[in-house]
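Shown below, as structure tokens, is a lone chain in the form predicted on its own; questions about how it binds or moves come after it.
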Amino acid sequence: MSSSTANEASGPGAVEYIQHHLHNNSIGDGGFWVVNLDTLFYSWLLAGVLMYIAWKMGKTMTAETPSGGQNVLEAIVEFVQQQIKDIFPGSNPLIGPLALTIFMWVFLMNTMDLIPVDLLPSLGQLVGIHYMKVVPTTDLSTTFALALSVFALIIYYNIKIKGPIGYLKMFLFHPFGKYLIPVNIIMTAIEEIAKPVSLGLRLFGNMFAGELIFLLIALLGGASLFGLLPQIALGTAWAIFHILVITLQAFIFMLLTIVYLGMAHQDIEEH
């Protein structure tokens, strides 16, 4: 939920406050080659947290007296397995771990949006870090990196399952048959490109919008109690609702990954 250090922000100050919070701590030439250090730090940190939890749970799991954490983990694993059984054709040992990793990692990155918007940036200011975005999925670089990684797997399995010729036939003869090859190429290319674009933009758009609303709520805080109470009420209400958004977006990204990889595992006749 939101915490405000923008008590005096109004008018142009409000715009500057929002722009400051939406600015990454970056290095680079300001053009294409820009590295967002805060995005890398928090995404890798959360990946490390996820790996540590998995390692710790793996060492302590027991069938006789499962802990509460083990029960939660098993419920998540069973949930992901059920989605794969319902959607994915055939069998692939990579899909389960991939889907579980995507769901948990995206969920953890999204959850950073529930940390008060001024807390970590204010701590960063104390050590000389002037810009800090703490939600990796509000950075288009993160969501498209995930989407393009999935897209690379889609292309790989399309070629592996269908063969190079079969994959080429998909572009030539799908969806309108051999008499409209130029149209087929354009339509199939658009269909394939839309997969990573939809994955990346959907996650980014929802998380960016949620972060922006938290920033707008933070601007309600003032020096008086009358400004603070609406901020707390609205911030709490939006945080509770945002828990659903955070979980849903992680689920949708995982689900679409399973769907797209399932399509790649189909023969050209089934496509």
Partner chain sequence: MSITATLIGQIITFAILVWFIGKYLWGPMTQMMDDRKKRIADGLAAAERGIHEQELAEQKAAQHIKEAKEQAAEILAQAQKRAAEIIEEAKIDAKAEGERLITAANAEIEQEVNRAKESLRAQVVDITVAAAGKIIKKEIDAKAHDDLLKDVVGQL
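Residue numbers count along the first chain shown, from 1. Computed from a predicted structure; not experimentally measured.
The discussion below concerns the form predicted in complex with its partner chain, not included here.
The listed set Ile155, Leu94, Ala194, Leu126 contains one residue whose heavy atoms approach its partner chain in the predicted bound form to within 4.5 Å, identified as Leu94. This chain appears without its partner; in the predicted bound form, the one residue of Val245, Leu40, Leu234, Ile213 with a heavy atom within 4.5 Å of its partner chain is Leu40. Its partner chain is not drawn, but in the predicted bound form it has a heavy atom within 4.5 Å of Ser141. Although the partner is absent from this view, Met51 contacts its partner chain in the predicted bound form, with a non-hydrogen atom inside 4.5 angstroms. Heavy atoms of Ser198 never reach within 4.5 Å of its partner chain in the predicted bound form, leaving it off the interface. The shortest heavy atom separation between Asp86 and its partner chain in the predicted bound form exceeds 4.5 Å. Contact check for Trp33, Ala47 and Met57: all three have a heavy atom within 4.5 Å of its partner chain in the predicted bound form. Stretch-level contact check against its partner chain in the predicted bound form with heavy atoms at 4.5 Å: of 94-102, 161-169, 114-122, 178-186, the positive one is 94-102. Along 143-159, these residues reach a heavy atom to within 4.5 Å of its partner chain in the predicted bound form: Phe144, Ala145, Leu146, Leu148, Ser149.
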